[in-house]
Structure formats: C-alpha cells, structure tokens
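The chain below stands alone and is given as structure tokens, in the form predicted on its own.
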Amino acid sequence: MRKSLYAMKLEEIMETLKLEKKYQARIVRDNLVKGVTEFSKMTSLSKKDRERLAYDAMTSSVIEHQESASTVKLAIRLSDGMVIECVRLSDGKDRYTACLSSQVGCAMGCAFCKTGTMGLRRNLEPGEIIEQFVHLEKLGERISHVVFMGMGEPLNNFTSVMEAIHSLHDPEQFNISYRKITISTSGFVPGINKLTELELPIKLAVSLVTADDDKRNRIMRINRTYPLSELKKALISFQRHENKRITLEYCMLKDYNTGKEDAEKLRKFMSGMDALVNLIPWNPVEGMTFKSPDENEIKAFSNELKRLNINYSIRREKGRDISGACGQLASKIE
C-alpha cells in the first residue's frame, strides 16, 4: 500500500522521494497543498526529478460523485481498494465545511448508522484523511471548516486524526484555525480525556441520541462501557479546560427518543454544562427499521425543549436524495 505524502514532515518527504535538499521537499509539499499532485506539473522541481517521479502523488481516487443543493458526497477508493466517503456541506452563505472519515468502517456498531454495519476494517493514515480534504477542495471552493463526522470514531484513531488536524492547522499548509475544527464522537470517554489533556481550542460534538441509559444501551453499544454518568464527567472536564460550548447531536428516531420524558432526561444530563442540542431527523437507510419523525413529532419535541429552556437548533437533514446517511454510499459500492 503506497503511503500518502500528505501530513508528512519535510524530512519524511525527502526520505520517501529520495530528494537531496530540504527545499525540494518544501516545493513538493507546497504543490500538494495547492492540489497539484502530479510531479510532472511541479515546475519548480528540476526536470530530472520530474522525470524520475513520473506519477501522481495522490494515493486515493474519487470513484463516485453525488450532489444535491447544498451537499456534495464523494466515494473515495484507497490504495488498498477499500472505500470511504467524505462530504462537503454549504450553508448557503459561501461557507464550506468538509466532513471527513477517520476509519474504514466503524467498531462502535450504533444501530441507526450504516457505517456501524460494516464493522471496523482499519484506521486511516493521516495522509489518507488529508487527501479527502484535497479531493473536496478540488471541487472548486475554499473550505474553511472541518468536521470529523464521517465514517468511523475519530477518537478511536486518535494519533492519526491529531496528526491530520495539525497539518490542516499548519499556517504553511492548509492554515485552518483549530477553532474551526470539530471532532464528533459517539462518546468514547478515553479519547475525550486525551483531547482535554492537549488543551487545544478544538470544538467537540457528541452523538448523544438519547439521555436515557437503557435506550442508549440498546442502540449505542459504547454506552454499555461508558455510560452517561462517565460521559458527562468527561464533557464537563473538557469544558472546564477549553471553556467552549459542546454540541450534543440528537438524532431523532420516530417514537423512540422524542417524548416528554426524553426531554426531561436530556435537561438533567445537560445540567451544569454549556451545550447546544442539535436536533437531526434520522436520515432513512435501506434495510434499517428506524423511521424519521414527521413534522408534528419534531415540533412537539422542540417545543418541549423550549419549555425546559434547553438551547437547541434543528438541522434539516441534507443529502437525503443522494445516499446522504453516513456509510450509505461506501457500503453500496462495496
């Protein structure tokens, strides 16, 4: 499996490409950041080096492109033949966000997530994570925000994800502020604690889905290992260090987590925490028995949150017409 040059230090690029001088590695890196991946087009390299390195530096390729009004989803084939996906979201105000995968498949096995049915195939290397970002930028718009919210549990591939984040942040590379990078976790407490120790101003989102331990146990296996009490303790510790609002992703499942009792348990979980609840109607996936709530159910639940003074927003599902659910496109291709 050919290793990606993205996320490599200059010394690693020199060694991998057998370059003699550090400035040559810098030329290569600068071109890669700009999306120039064919060595033959890196005109600042000597003709000898361009001829010697007569191939494309990208180790992955786009094999399917799906697009709706505000969403573009790419299926990416890796050098070992495995398939992942990434997404570019637009807010309609010229702000573009990249949603990146961190693993091929996922070990968490959440019952409502298509990626969970795949199991964990392997972790992604830092360069494979960055290549997703580059593929999305090649669509023609400058991406300003990054969310690790694609396939996989980012905090279960901690080292590679952090190396990718440092490359995305590096002013000499992609120059994206840490404050514009979000990691979304299913509630992997050891990873949250490690992130807290780094004291970086990265944002944190948690796929909560329900604040009822019994219900969460049934649909999110991770809750059996790290129940809500442990998760809350880790989140409060993170917040004390970073003083940043946490986003609680609340995937609404019809007749499962949208009742008055669910709202009350959510209020109790959020007590002592500065958090925003992001309500997301479930995006239907073929072969899964869950259903998306209708407008009346969404309105009733959101009104109950409002009554309880819970900060919330409603994120209308994007990409429903293009295999938008996480893992849906990659699993179809496989």
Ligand code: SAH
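Keep in mind that this is a model prediction, so the values were computed, not measured. For every residue, the number given is its place in the sequence shown, counted from 1.
Form predicted in complex with S-adenosyl-L-homocysteine: not shown, discussed below.
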| item | value |
| --- | --- |
| In the predicted complex, segment of 110 to 118, 173 to 181, 134 to 142, 190 to 198 with a heavy atom within 4.5 Å of S-adenosyl-L-homocysteine | 110 to 118 |
| Non-hydrogen atom within 4.5 Å of S-adenosyl-L-homocysteine in the predicted complex for each of 150, 209 and 251 | yes |
| Heavy atom within 4.5 Å of S-adenosyl-L-homocysteine in the predicted complex - the one residue of 66, 283, 31, 302 that qualifies | 283 |
| The single option of 223, 185, 167, 257 touching S-adenosyl-L-homocysteine in the predicted complex, heavy atom within 4.5 Å | 185 |
